[in-house]
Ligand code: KIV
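Single chain ahead, written as structure tokens, the form predicted on its own.
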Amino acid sequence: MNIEALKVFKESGEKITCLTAYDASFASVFDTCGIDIILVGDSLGNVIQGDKNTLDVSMSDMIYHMQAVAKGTQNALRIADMPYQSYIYAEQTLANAKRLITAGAQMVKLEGGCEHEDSFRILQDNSISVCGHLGLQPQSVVEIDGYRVQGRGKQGANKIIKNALALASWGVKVIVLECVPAELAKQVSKSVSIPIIGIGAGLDCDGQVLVSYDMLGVHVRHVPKFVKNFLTDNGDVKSAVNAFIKAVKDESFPSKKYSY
């Protein structure tokens, strides 16, 4: 799997599969199963460190987990989150992104839109592949007063579409769209030529991502509506991952039950 293949997936209509991983063992299982993308997410703040949000995850944390995941991955595309306050200004963004690339990432992920234009542009200018993240942005949960569905009103929906168009114009390769109404996600996906990977964004995105611990029913926090436990009806982790991949590829997940 490589970045160019993501375009082919969107053009052909084949759904993209993505799971988070934070260590070599899980990364190896996911990779062997044929997952398309492994995301080393700052969600490790929740599921590994036990915090209520992702705000205390550091660059050192991300580098450590990225290095571990890289050792367990041969085929899947590896994306690493840029943690909170690691991309405040352009030069800082570039320096931190280079550290994650050196640690084994093939792409870095930033939350937000037009407010980070300089950061997106400097990465493009330096040939570092970028994944955007719109809709619910976990690093902004304090500002928005918790984990809430985004884009339900006309103004919020238009802002998400505007940001998606801007990111695509700045060379962003893929966008994660989190916790938005399914109809809005469909509009966003049709509006841009780059893949849109949904999490709580309905069936019409170009792919789906879940936090692996959620997908396996290992919960230390409130379980969002969009989470399905794939381990319940499957005997082991590998079978659960295969079931997730199949369900995304054949478009049986997410159903309306898991959408907004």
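Just so it is clear, the structure is predicted and the values come from calculations on it, not from any experiment. Numbers follow the displayed sequence, beginning with 1.
Beyond what is shown, the protein has a form predicted in complex with the named molecule; the following relates to that form.
Stretch-level contact analysis of 26-34, 227-235, 39-47, 188-196 against the named molecule in the predicted complex, using heavy atoms and a 4.5 Å limit, identifies 39-47. Using a 4.5 angstroms threshold between heavy atoms, Val211 counts as touching the named molecule in the predicted complex.
Contact check for His116: every heavy atom lies farther than 4.5 Å from the named molecule in the predicted complex. Though the partner is left out of this view, Arg78 does not reach within 4.5 Å of the named molecule in the predicted complex, counting heavy atoms only. Using a 4.5 angstroms limit between non-hydrogen atoms, Val176 touches the named molecule in the predicted complex. Looking at 105-140, the residues that come within 4.5 Å of the named molecule in the predicted complex, counting any heavy atom, are Lys109, His133.
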